[in-house]
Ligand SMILES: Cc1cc2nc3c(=O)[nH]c(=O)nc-3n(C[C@H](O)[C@H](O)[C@H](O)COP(=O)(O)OP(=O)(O)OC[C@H]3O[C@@H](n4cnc5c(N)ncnc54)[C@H](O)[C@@H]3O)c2cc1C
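Taking the form predicted alone, here's one chain by itself in structure tokens.
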């Protein structure tokens, strides 16, 4: 394995300057880049920049009407956060599905976002909660809505000199979020299908609104299933609604055949999991 040059800035401004001077592959927890260095995810990077020591990228906090998570927030920190458990428990559920304790201790939310795997377990939750990805460079910061951030297979809206700084999740009254992951086994598995569904309803028996359906492992990138959302918006979680939505989502997604699963399996499982989530929400 070839070891590329590595720089370790001591502050965010220094990191921005180094990124402006030359293209570097950012390293946070390193759980993905180690695979890339082995040549298993395309050509190894020519330069690395170690962000692990930048405290400016850490922390979980309430910022007005949003939950803000620094890019270096680890999955373990999310799992242990009372704020996350109280306000966005689906984020905690998703964190618990990623690898074993060693990966959860080192892997970061920002890394999952920037790595842009279509199977990234956290990403459907961010899509379903209208998350905003805050990115930064020497030019300053800008905000990218989650649906616009992943642009293709392992491609993002990041410019070469930008990094993910933080993730903001707006807190919306009466919003419910549900998460499901389907893998080969119950733990330490790459997802075959991963799904997050959210809606707003003031009480049971009230029509759903602001429906969001985030999906992973069913397209070349993490996606919002907007046609299926339209089917669910303004309806109650009845058996007819579940039937209609499951048919719609099976037609909307574009899964592939690969070593983990077949396209037909992914399409059928996505439809069945969505059907079950709607049934559970309706209490039947």
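Here the structure is a predicted model, which means the values were calculated and not measured. Residue numbers count along the first chain shown, from 1.
There is also a form predicted in complex with the ligand; it is not shown, and the following applies to it.
- None of 221 to 229, 25 to 33, 61 to 69, 245 to 253 except one has non-hydrogen atoms within 4.5 angstroms of the ligand in the predicted bound form; the exception is 25 to 33.
- With a 4.5 Å cutoff on heavy atoms, residue 91 does not count as touching the ligand in the predicted bound form; it lies far away.
- In the predicted bound form, the ligand stays beyond 4.5 Å of every heavy atom belonging to residue 213.
- The ligand is not shown here, and in the predicted bound form it never comes within 4.5 Å of any heavy atom of residue 183.
- In the predicted bound form, none of the heavy atoms of residue 129 sits within 4.5 Å of a heavy atom of the ligand.
- Interface residue among 206, 103, 157, 172, judged by heavy atoms within 4.5 Å of the ligand in the predicted bound form: 103.
- For the options 195, 146, 163, 78, the one in contact with the ligand in the predicted bound form, meaning a heavy atom within 4.5 Å, is 163.
- Along 104 to 125, residues 106, 107, 108, 110, 111, 112, 114, 115, 119, 120, 121 each place a heavy atom within 4.5 Å of the ligand in the predicted bound form.
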